[in-house]
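Listed next as C-alpha coordinates is one chain, alone, in the form predicted on its own.
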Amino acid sequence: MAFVTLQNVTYKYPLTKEPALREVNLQVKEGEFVAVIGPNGAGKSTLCYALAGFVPHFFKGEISGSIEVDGKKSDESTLDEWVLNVGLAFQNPFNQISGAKYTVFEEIAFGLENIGVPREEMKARVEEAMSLTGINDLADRSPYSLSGGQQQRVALTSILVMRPKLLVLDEPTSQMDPIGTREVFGVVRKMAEEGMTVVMAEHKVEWIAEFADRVIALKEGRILMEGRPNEVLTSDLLPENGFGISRYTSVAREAKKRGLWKKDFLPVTLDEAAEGFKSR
(Lines give C-alpha, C1' and ligand atoms only; values in the text may rest on other atoms or scores of the structure.)
Protein backbone atom coordinates (compact mmCIF):
# COMPACT_ATOMS: atom_id res chain seq x y z
CA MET A 1 0.00 0.00 0.00
CA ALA A 2 1.32 3.44 -0.93
CA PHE A 3 2.24 5.85 1.85
CA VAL A 4 1.89 8.89 -0.46
CA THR A 5 -0.67 9.00 -3.25
CA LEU A 6 -1.37 11.79 -5.74
CA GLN A 7 -4.30 11.24 -8.09
CA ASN A 8 -4.79 13.49 -11.12
CA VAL A 9 -3.40 16.52 -9.29
CA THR A 10 -3.60 19.72 -11.31
CA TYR A 11 -2.72 23.05 -9.71
CA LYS A 12 -2.63 26.66 -10.92
CA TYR A 13 -1.19 29.54 -8.87
CA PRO A 14 -3.35 32.65 -8.40
CA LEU A 15 -3.24 35.13 -11.30
CA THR A 16 -1.57 32.66 -13.67
CA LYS A 17 -2.92 31.19 -16.91
CA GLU A 18 -1.13 27.85 -17.06
CA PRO A 19 -1.10 25.10 -14.42
CA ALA A 20 2.16 24.46 -12.58
CA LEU A 21 1.16 20.80 -12.13
CA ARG A 22 -0.84 18.86 -14.70
CA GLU A 23 -2.64 15.58 -13.97
CA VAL A 24 0.12 14.25 -11.71
CA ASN A 25 -0.32 10.66 -10.58
CA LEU A 26 2.27 9.43 -8.12
CA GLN A 27 2.66 6.78 -5.44
CA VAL A 28 5.50 6.56 -2.92
CA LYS A 29 6.03 3.64 -0.58
CA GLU A 30 6.85 4.08 3.10
CA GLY A 31 10.61 4.37 3.60
CA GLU A 32 11.25 5.07 -0.08
CA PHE A 33 13.67 7.80 -1.21
CA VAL A 34 12.29 9.38 -4.38
CA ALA A 35 14.19 12.09 -6.27
CA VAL A 36 12.42 14.58 -8.53
CA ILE A 37 14.32 16.11 -11.44
CA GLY A 38 13.41 18.56 -14.18
CA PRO A 39 14.40 21.79 -15.96
CA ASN A 40 13.67 25.14 -14.32
CA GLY A 41 9.93 25.73 -14.33
CA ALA A 42 9.11 22.01 -14.53
CA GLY A 43 7.04 22.12 -11.33
CA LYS A 44 9.50 20.53 -8.88
CA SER A 45 9.04 23.13 -6.13
CA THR A 46 5.28 23.18 -6.66
CA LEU A 47 5.15 19.41 -6.24
CA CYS A 48 7.09 19.80 -2.98
CA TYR A 49 4.68 22.50 -1.80
CA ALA A 50 1.71 20.30 -2.68
CA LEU A 51 3.09 17.36 -0.70
CA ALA A 52 3.81 19.66 2.25
CA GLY A 53 0.31 21.17 2.23
CA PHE A 54 1.40 24.68 1.27
CA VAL A 55 -0.44 24.14 -2.02
CA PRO A 56 -3.19 25.14 -1.81
CA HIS A 57 -3.55 25.94 1.92
CA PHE A 58 -0.95 28.74 1.91
CA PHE A 59 -0.43 29.71 -1.73
CA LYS A 60 -4.16 29.36 -2.54
CA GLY A 61 -4.94 29.02 -6.25
CA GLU A 62 -6.97 26.33 -8.04
CA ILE A 63 -6.40 22.63 -7.40
CA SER A 64 -8.10 19.43 -8.50
CA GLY A 65 -7.37 15.79 -7.76
CA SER A 66 -6.36 14.38 -4.38
CA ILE A 67 -3.21 14.29 -2.23
CA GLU A 68 -3.02 11.64 0.47
CA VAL A 69 -0.26 10.95 3.00
CA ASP A 70 -0.48 8.11 5.53
CA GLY A 71 -4.21 7.72 4.93
CA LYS A 72 -5.03 11.40 5.38
CA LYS A 73 -6.16 13.75 2.60
CA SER A 74 -4.69 17.23 2.27
CA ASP A 75 -8.02 18.89 1.49
CA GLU A 76 -9.56 17.38 4.64
CA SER A 77 -6.75 18.62 6.93
CA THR A 78 -5.66 22.05 8.06
CA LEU A 79 -2.08 23.14 7.39
CA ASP A 80 -1.44 23.06 11.15
CA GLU A 81 -2.44 19.39 11.24
CA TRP A 82 -0.62 18.48 8.04
CA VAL A 83 2.80 19.83 9.04
CA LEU A 84 2.91 17.58 12.12
CA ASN A 85 3.48 14.62 9.78
CA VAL A 86 5.10 16.27 6.74
CA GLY A 87 8.27 18.37 6.94
CA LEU A 88 9.47 20.68 4.16
CA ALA A 89 12.93 22.18 3.75
CA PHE A 90 12.77 25.12 1.33
CA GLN A 91 15.26 25.71 -1.48
CA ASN A 92 16.27 29.04 0.06
CA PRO A 93 17.08 28.37 3.75
CA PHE A 94 16.77 32.08 4.54
CA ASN A 95 13.01 31.69 4.04
CA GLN A 96 12.90 29.06 6.75
CA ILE A 97 14.77 30.86 9.53
CA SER A 98 12.22 32.08 12.05
CA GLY A 99 13.98 35.34 12.98
CA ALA A 100 12.77 34.77 16.54
CA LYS A 101 15.87 33.03 17.91
CA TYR A 102 19.43 34.15 18.54
CA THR A 103 21.30 30.85 18.19
CA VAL A 104 21.23 27.82 15.92
CA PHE A 105 20.37 25.57 18.88
CA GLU A 106 17.33 27.71 19.74
CA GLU A 107 16.32 27.88 16.07
CA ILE A 108 16.27 24.10 15.76
CA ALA A 109 14.32 23.78 19.02
CA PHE A 110 11.72 26.34 17.89
CA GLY A 111 9.33 23.84 16.29
CA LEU A 112 9.48 21.54 19.31
CA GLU A 113 8.68 24.49 21.57
CA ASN A 114 5.58 25.23 19.51
CA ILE A 115 4.17 21.74 20.02
CA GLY A 116 4.98 21.63 23.74
CA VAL A 117 7.78 19.04 23.87
CA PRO A 118 9.22 18.84 27.44
CA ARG A 119 12.47 20.70 27.94
CA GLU A 120 14.76 17.72 28.57
CA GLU A 121 13.36 15.75 25.64
CA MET A 122 13.67 18.84 23.47
CA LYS A 123 17.34 19.26 24.36
CA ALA A 124 18.10 15.59 23.64
CA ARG A 125 16.30 15.68 20.29
CA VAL A 126 18.06 18.86 19.18
CA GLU A 127 21.48 17.47 20.09
CA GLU A 128 20.70 14.19 18.30
CA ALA A 129 19.55 15.98 15.15
CA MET A 130 22.58 18.29 15.14
CA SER A 131 24.92 15.32 15.48
CA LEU A 132 23.17 13.62 12.59
CA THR A 133 23.75 16.57 10.24
CA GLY A 134 27.17 17.45 11.66
CA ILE A 135 26.45 20.97 12.90
CA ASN A 136 27.15 20.67 16.66
CA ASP A 137 29.89 23.28 16.30
CA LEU A 138 27.30 25.82 15.08
CA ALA A 139 25.04 25.52 18.15
CA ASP A 140 25.90 28.92 19.65
CA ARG A 141 26.20 30.81 16.34
CA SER A 142 23.57 33.19 15.05
CA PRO A 143 21.64 31.62 12.12
CA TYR A 144 22.25 34.85 10.21
CA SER A 145 26.04 34.61 10.56
CA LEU A 146 26.21 31.33 8.63
CA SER A 147 27.08 30.60 5.03
CA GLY A 148 24.36 29.48 2.63
CA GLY A 149 25.44 25.86 2.91
CA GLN A 150 25.46 26.01 6.71
CA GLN A 151 22.00 27.58 6.70
CA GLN A 152 20.77 24.73 4.52
CA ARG A 153 22.06 22.23 7.08
CA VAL A 154 20.29 24.14 9.85
CA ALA A 155 17.05 24.15 7.83
CA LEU A 156 17.29 20.40 7.28
CA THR A 157 18.07 19.80 10.96
CA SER A 158 15.06 21.92 11.98
CA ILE A 159 12.86 19.54 9.99
CA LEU A 160 14.54 16.30 11.09
CA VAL A 161 14.20 17.21 14.77
CA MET A 162 10.40 17.17 14.31
CA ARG A 163 10.60 13.53 13.15
CA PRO A 164 8.12 13.83 10.28
CA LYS A 165 6.72 10.74 8.58
CA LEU A 166 7.30 12.36 5.18
CA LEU A 167 10.39 14.49 4.54
CA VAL A 168 10.10 16.82 1.53
CA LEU A 169 13.27 18.57 0.35
CA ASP A 170 13.45 21.27 -2.31
CA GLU A 171 17.05 21.33 -3.58
CA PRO A 172 18.49 21.06 -0.05
CA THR A 173 22.14 21.04 -1.20
CA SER A 174 22.06 23.86 -3.79
CA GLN A 175 24.54 25.98 -1.79
CA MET A 176 26.76 23.14 -0.54
CA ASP A 177 30.16 21.94 -1.71
CA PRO A 178 30.60 18.28 -2.81
CA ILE A 179 31.61 17.13 0.67
CA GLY A 180 28.56 18.73 2.27
CA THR A 181 26.33 17.38 -0.48
CA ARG A 182 27.52 13.81 0.04
CA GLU A 183 27.03 14.10 3.79
CA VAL A 184 23.47 15.40 3.42
CA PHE A 185 22.55 12.72 0.90
CA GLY A 186 23.97 10.17 3.33
CA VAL A 187 21.82 11.52 6.16
CA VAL A 188 18.71 11.42 3.97
CA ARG A 189 19.52 7.86 2.87
CA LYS A 190 19.88 6.86 6.53
CA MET A 191 16.50 8.41 7.37
CA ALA A 192 14.85 6.43 4.57
CA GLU A 193 16.46 3.21 5.76
CA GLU A 194 15.04 3.90 9.22
CA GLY A 195 11.53 4.22 7.78
CA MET A 196 11.13 7.90 6.91
CA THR A 197 9.64 8.52 3.46
CA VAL A 198 11.61 11.06 1.44
CA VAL A 199 10.80 13.11 -1.67
CA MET A 200 13.67 15.33 -2.82
CA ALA A 201 13.74 17.78 -5.72
CA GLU A 202 17.36 18.01 -6.86
CA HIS A 203 19.60 18.75 -9.86
CA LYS A 204 22.68 16.78 -8.77
CA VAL A 205 22.08 13.61 -10.75
CA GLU A 206 25.30 11.86 -9.76
CA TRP A 207 24.29 11.89 -6.10
CA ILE A 208 20.73 10.91 -6.99
CA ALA A 209 22.06 7.87 -8.86
CA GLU A 210 24.05 6.79 -5.82
CA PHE A 211 21.49 7.36 -3.07
CA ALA A 212 17.88 7.46 -4.37
CA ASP A 213 15.56 4.48 -4.85
CA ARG A 214 13.54 5.98 -7.69
CA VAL A 215 13.55 9.04 -9.94
CA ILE A 216 10.61 11.11 -11.20
CA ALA A 217 11.29 13.31 -14.25
CA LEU A 218 8.97 16.34 -14.48
CA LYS A 219 8.46 18.54 -17.52
CA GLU A 220 5.97 21.41 -17.70
CA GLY A 221 4.14 20.08 -14.68
CA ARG A 222 3.72 16.54 -16.01
CA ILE A 223 5.57 13.34 -15.19
CA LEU A 224 7.64 12.59 -18.28
CA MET A 225 9.01 9.30 -16.96
CA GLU A 226 9.84 7.48 -13.73
CA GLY A 227 11.85 4.44 -12.73
CA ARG A 228 15.11 3.28 -11.21
CA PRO A 229 17.84 5.96 -11.17
CA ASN A 230 20.09 4.43 -13.83
CA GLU A 231 17.15 3.86 -16.20
CA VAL A 232 15.83 7.41 -15.96
CA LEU A 233 19.09 9.33 -15.68
CA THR A 234 20.61 7.72 -18.79
CA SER A 235 17.48 7.92 -20.94
CA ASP A 236 17.69 9.72 -24.29
CA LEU A 237 14.46 11.49 -23.33
CA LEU A 238 16.26 13.70 -20.82
CA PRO A 239 18.60 15.69 -23.11
CA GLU A 240 15.86 15.76 -25.75
CA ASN A 241 13.59 17.54 -23.26
CA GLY A 242 16.04 20.02 -21.74
CA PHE A 243 17.12 18.05 -18.66
CA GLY A 244 20.65 18.27 -17.34
CA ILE A 245 22.48 14.94 -17.43
CA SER A 246 25.68 13.62 -15.89
CA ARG A 247 28.93 14.48 -17.67
CA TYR A 248 29.83 10.79 -17.41
CA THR A 249 26.66 9.80 -19.25
CA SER A 250 27.46 12.32 -21.99
CA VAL A 251 31.03 11.08 -22.41
CA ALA A 252 30.03 7.41 -22.43
CA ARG A 253 27.22 8.05 -24.93
CA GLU A 254 29.70 9.69 -27.30
CA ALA A 255 32.22 6.89 -26.68
CA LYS A 256 29.54 4.32 -27.49
CA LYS A 257 28.98 5.96 -30.89
CA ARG A 258 32.69 5.50 -31.59
CA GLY A 259 32.78 1.93 -30.37
CA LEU A 260 34.75 2.78 -27.25
CA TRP A 261 32.07 1.96 -24.66
CA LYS A 262 31.33 -1.77 -24.56
CA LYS A 263 29.05 -2.00 -21.52
CA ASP A 264 25.31 -2.58 -21.99
CA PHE A 265 24.53 0.37 -19.69
CA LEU A 266 25.54 4.03 -19.54
CA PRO A 267 27.17 5.44 -16.39
CA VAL A 268 25.89 8.26 -14.22
CA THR A 269 28.63 8.40 -11.59
CA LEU A 270 32.42 8.66 -11.81
CA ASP A 271 32.85 5.16 -10.35
CA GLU A 272 30.55 3.65 -13.00
CA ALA A 273 32.39 5.47 -15.78
CA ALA A 274 35.82 4.47 -14.50
CA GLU A 275 34.78 0.83 -14.19
CA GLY A 276 33.26 0.82 -17.66
CA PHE A 277 36.28 2.31 -19.44
CA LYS A 278 38.71 0.18 -17.45
CA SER A 279 37.04 -3.08 -18.45
CA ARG A 280 36.53 -2.39 -22.16
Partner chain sequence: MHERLSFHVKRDSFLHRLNPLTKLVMILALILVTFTFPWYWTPHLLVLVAVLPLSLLGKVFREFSFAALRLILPAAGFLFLMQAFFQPVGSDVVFKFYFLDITSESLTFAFKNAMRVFAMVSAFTLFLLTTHPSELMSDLTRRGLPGQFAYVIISTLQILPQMQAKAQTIIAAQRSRGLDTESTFFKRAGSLVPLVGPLVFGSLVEVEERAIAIEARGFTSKHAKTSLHEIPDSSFDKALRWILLALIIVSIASNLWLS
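All of these numbers come straight from a predicted model, not from anything done at the bench. Residue numbers count along the first chain shown, from 1.
Here the subject shifts to the form predicted in complex with the partner chain, a form of this protein not shown in this document.
Against the partner chain in the model of the complex, the set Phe58, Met122 and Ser158 is in full contact: each member has a heavy atom within 4.5 Å. For the options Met191, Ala139, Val117, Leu132, the one in contact with the partner chain in the model of the complex, meaning a heavy atom within 4.5 Å, is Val117. Proximity to the partner chain in the model of the complex, defined as a heavy atom within 4.5 Å, singles out one entry of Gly71, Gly148, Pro178, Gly99, which is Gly99. The closest heavy atom approach of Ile208 to the partner chain in the model of the complex falls outside 4.5 Å. Among residues of the shown chain, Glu106 is one whose heavy atoms approach the partner chain to within 4.5 Å in the model of the complex. Although the partner is absent from this view, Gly111 contacts the partner chain in the model of the complex, with a non-hydrogen atom inside 4.5 angstroms. Not displayed here, the partner chain is kept clear of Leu166 by more than 4.5 Å at the level of heavy atoms in the model of the complex. Look at 223-231, 47-55, 246-254, 23-31: in the model of the complex, residues with non-hydrogen atoms within 4.5 angstroms of the partner chain sit in 47-55. The partner is not shown here, but in the model of the complex the stretch 82-98 reaches within 4.5 angstroms of the partner chain through a heavy atom at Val83, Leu84, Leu88, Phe90, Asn92, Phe94, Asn95, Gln96, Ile97, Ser98.
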